[in-house]
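To begin, one chain is listed below as structure tokens, in the form predicted alone.
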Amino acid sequence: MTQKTAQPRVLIFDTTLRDGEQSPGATMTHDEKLEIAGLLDEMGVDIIEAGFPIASEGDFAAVSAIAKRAKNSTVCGLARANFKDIDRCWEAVKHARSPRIHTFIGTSPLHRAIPNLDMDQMAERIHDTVTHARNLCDNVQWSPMDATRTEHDYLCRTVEIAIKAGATTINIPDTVGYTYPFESAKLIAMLLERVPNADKVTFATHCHNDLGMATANALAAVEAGARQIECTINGLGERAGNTALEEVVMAMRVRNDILPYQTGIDTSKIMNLSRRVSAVSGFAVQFNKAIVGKNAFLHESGIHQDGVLKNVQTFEIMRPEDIGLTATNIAMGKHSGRAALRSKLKELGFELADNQLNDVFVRFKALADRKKEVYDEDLIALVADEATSDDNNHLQVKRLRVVCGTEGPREAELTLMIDGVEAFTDATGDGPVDAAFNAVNMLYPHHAKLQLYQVHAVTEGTDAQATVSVRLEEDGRIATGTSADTDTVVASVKAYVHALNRLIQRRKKSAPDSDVKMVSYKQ
């Protein structure tokens, strides 16, 4: 009897809290970061890149707190190629059960011009900074930013230097999403073949989705010998985003026949994490998103429906429960109790503390009085809305009344709590939403510009909840807010206020040393 050979292990490096948070408008609060990190840790993520410690005091505090709390995952911080960044990073991660320093520098001709270093000067800096990081920490990752556009000879030279200096993981970033899958594979294979001692370190792949090929590029790199994938939940990230964790993990699971690799990910926790990241980042998941989109397991075509009813495998290559989706969507109503709500939320992947459950229960009862039936999507929207209603927010909506129709001015009467002080005004506008936003602007004057206003129904019917997304921009800072309500105007104002609260948080978060925010820390 032949013994089955163990499949190679691919490490999952999640950078939702670092590269994902760099998405314009995706800033998360300290508590939200800790919550997401805890869920990643429970799910089996091997390495959590918790942030960029020198970027701000807030980033440092979050990375430090995550490092102290993580039970299973390695906790990593990002640092540019200088001693100050690396020291600050070590201070943040050093209390982790398993800490890692991740340092990087841009090696392509375009990026070498930023610090104005020639090839020899850059090589020396790589040696010195990686050596310094290794003297502090046994687990050091080094990245040549824009590796895929770096000359191969120079890339080999810098990777060899980093390995000699003590790097234990070499990450190869496709910083601008420029690479094609066969190039991604050839690059990893070339480095493994040409660089001395390449077999003694772990090679990682970090892909962006500018051409829609991040998942394909990451998996091609794995086939060529990379054993760590850098990714984010929902593919969150700058521009078109990063490799999506759920896509690479499920691709290796579903197509294990041609991708014979294993991860330590508990895939049943994917859906809950997707929902939470969407809620705290303010970035809705597109309906047709692979794996976690609302339509991923829906079938409308008659042929598809008939096939699925007869044999689910005819049109489904994975089971909904594999990613934590419940098989049923039983409606709850106004007679449902707290215990039933807790049970249903647990079934949907949400385990709330008693005080959180009480808050959601109050909202649930109010919603049930307005709707005949409350479905799973309604409950998910309620939990997401609860996550945005922090009592410590600078601005809170207390009361709103609007007048609209075919005649007369469209008016809004609004009461806001501003730092605990009640403020009232009324305003007019081109429509009820415009009037309500004008009222907010009168009570809290600001210079932010509205970049996006989007509404979609959570469920079907005229009594459906509306989920509203609002994106604001002010002096280069972008903030996104979301809210859900059966009243679209109420949801709109709450989302607008939520975006303003996040903008206020971003103002506070901005680091005094502005050079930290420059493009050179992006991968």
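Worth saying up front: this structure is predicted, and the values here are computed from it rather than measured. All residue numbers refer to positions in the sequence shown, first residue = 1.
There is also a form predicted in complex with a small molecule; it is not shown, and the following applies to it.
Just one of 74, 129, 143, 150 has a heavy atom within 4.5 angstroms of the small molecule in the predicted bound form, so which one? That would be 143.
Q: Counting non-hydrogen atoms within 4.5 angstroms of the small molecule in the predicted bound form, say which of 187, 345, 220, 78 makes the cut.
A: That would be 78.
Have a look at 349 to 357, 282 to 290, 377 to 385, 206 to 214 and name the one stretch with heavy atoms inside 4.5 Å of the small molecule in the predicted bound form.
-> After filtering at 4.5 Å, what remains is 206 to 214.
* Asked: Is there a heavy atom of residue 21 lying 4.5 Å or less from a heavy atom of the small molecule in the predicted bound form?
  -> Outside the cut-off, so no.
So, residue 324 and the small molecule: in the predicted bound form, are they within 4.5 Å at any heavy atom pair? Residue 324: no contact with the small molecule in the predicted bound form.
Does any heavy atom of residue 169 come within 4.5 Å of a heavy atom of the small molecule in the predicted bound form? Taking the distances in the predicted bound form, the answer for residue 169 is no, it never comes within 4.5 Å of the small molecule.
Q. Applying a 4.5 Å heavy atom distance criterion, does residue 432 contact the small molecule in the predicted bound form?
A. Contact check for residue 432: no, nothing within 4.5 Å of the small molecule in the predicted bound form.
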